[in-house]
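Shown here is one chain on its own, the form predicted on its own, set out as C-alpha cells.
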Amino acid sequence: MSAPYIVTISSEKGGVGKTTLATNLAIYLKALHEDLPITLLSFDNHFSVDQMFRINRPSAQGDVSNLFDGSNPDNLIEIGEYGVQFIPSSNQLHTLRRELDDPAALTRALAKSGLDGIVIIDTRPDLDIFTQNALYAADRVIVPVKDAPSMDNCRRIYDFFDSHGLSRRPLRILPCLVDGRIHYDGPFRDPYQLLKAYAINRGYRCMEGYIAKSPKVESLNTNPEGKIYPVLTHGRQTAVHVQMTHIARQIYLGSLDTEVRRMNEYRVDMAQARKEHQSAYETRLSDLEIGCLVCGKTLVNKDQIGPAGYFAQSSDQRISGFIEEECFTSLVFRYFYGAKRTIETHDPIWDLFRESAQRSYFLLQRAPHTRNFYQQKLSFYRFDDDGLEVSHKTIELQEFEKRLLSKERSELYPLLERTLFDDQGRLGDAFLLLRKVSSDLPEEILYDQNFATFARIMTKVSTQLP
C-alpha cells in the first residue's frame, strides 16, 4: 500500500511564518512536479489554507476535525487552486481538544487512507494535542525560527520526540524572516549565520538555506480583497522565490530518498501489535475454565463463549472463567441480600440488580481475622466503576444448610471450591473479582483494553481490603 510523505510545519513561537511557508511550499512542490499529489491541511483556525486554495463554495463533505472521528481522509479532500488538494479547516477543534489525548490518532487515520504524494500539515503556535498528532505522523518536521526565543522553544518539540520514542531524524530547523539588512562584526556576519550557529550549538540539524524577511511577500497576505496570493505568482522578483524553490527541492528529494515512510512504519507496527494482541487474547481464552464457575455448565467452546453473565478471576491469577447470570444473581439474592423468597428473572428487582451491576465490581474473600477451619466467614464487597467500595457484607459460611425436611449443600460451595478453597477445603488469602459482561459478546472482557481495566481495578481494590 502506498504511503504519503508527511511534512509538518511546527513552532511554538507565533509570527515565524509557518502558514506562509506551508501554503507556498505546497504550490512550489506542485510546480516542481506537476503529477505529484500535494495535500495541505491546517490545525490553525485562521482559514488561510481555505482562502488561498478554495475554488468553489464550501462543500458539506467535512473538515480537519473529521480526521479524528473515524472518517476516511480521502472523502474530506477538495481540489483547490494550482492543483493543490486540501482538507478544509475547522473552527471547532477546541471542542475536540478536551476529548482527544492520543498523539497517534492522526497517524492511524492517515494510515487507513489512500493518500499519496506529499502531505503538508500546518499547526498552531503551541504544542497542543493537534500539533502532537502532526509531529507524530511526520517524515519531516520543519521548525521555522526567527530569533533566539523561537530557537529556545524548539526544545519542547525535541522533548516530545524523545518522550514518545521517536527518532529525531525528521527534525530540521529553518531560519525564517531573516532580515538581510542586518550585519554583525565578528564570526557571524548576519542573522542567518547566527541562528544556524545557535542551532548547531544545541545539537539541532538545519535545512539548507533560509527564508528572508520581505515586505513584498508580507503584502501578499494583506489586500482589500482579502485574498492570499502565492509567492510563485506574485513574488518572483523577491529573494524568497529563489529560497522557496530551494526548500521545495529539498523536500521533494527527501521524499524520494526516504525508503521507509512513517505511515508504512506505523502500519508495520500496528500489524505487529495486532498479532501480539491476538496472541494475548488467545492465551487468556485458553486459560479459562470451561464450565460455569457455579453450576459447571459448559460455557467456553473452541469457537465461542456461551451466554455468560459475569467474568471472574482470582487475585492469584490461578482461576478465571465465566458465570451464568442467573447462577450468580441467585447466589447474591439468597446469601448476601437475604431474600426470603426466590427471585425470578422476570421480577423487577432482578432487572434493578442487573442494571446496577453494569456499573459495579463484586468481590468475594475470606472475612478478615477468620482463619478458624470450623468458623469460616465470607465477605462480599461491591465496588463502583472506579474501584471505590460501595457496600460490604459478611456471612457465616456453612457447607450444609437446613431446609424444610433435610439438610442440603450450600449453593455457594461449588463456586468457592472452584476458585478460593485450598486443598484442605478452607478459604485462602486470595479474593475473587467479578464483573458483569455483555451477554452478546462476553469475550469482550478479554480484549486488551478491557482486560487492562479489569486488572487495574483488581489492583486498586486490593489496597482497600483489610
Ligand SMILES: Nc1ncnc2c1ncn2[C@@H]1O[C@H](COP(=O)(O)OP(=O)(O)O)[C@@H](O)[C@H]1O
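Nothing here was measured: the structure is a model prediction, and the numbers come from that model. In case it trips you up, residue 1 is the first one in the sequence shown, and so on.
Not pictured, yet referred to below: the form predicted in complex with the named molecule.
This chain is drawn without the named molecule; in the model of the complex, the residue among Cys206, Ala109, Leu177, Leu115 with a heavy atom within 4.5 Å of it is Leu177. This chain is displayed alone, yet in the model of the complex one of Arg140, Lys196, Lys213, Arg262 has a heavy atom within 4.5 Å of the named molecule; that residue is Lys213. Remark: all three candidate residues (Thr20, Val217 and Val240) come within 4.5 Å of the named molecule in the model of the complex, counting heavy atoms only. Contact annotation for Gln278: none of its heavy atoms lies within 4.5 Å of the named molecule in the model of the complex. In the model of the complex, the named molecule lies farther than 4.5 Å from every heavy atom of Thr258.
Using a 4.5 angstroms limit between non-hydrogen atoms, Thr394 is distant from the named molecule in the model of the complex. Taking the partner from the other structure, the named molecule in the model of the complex has a heavy atom within 4.5 Å of a heavy atom of Asn221.
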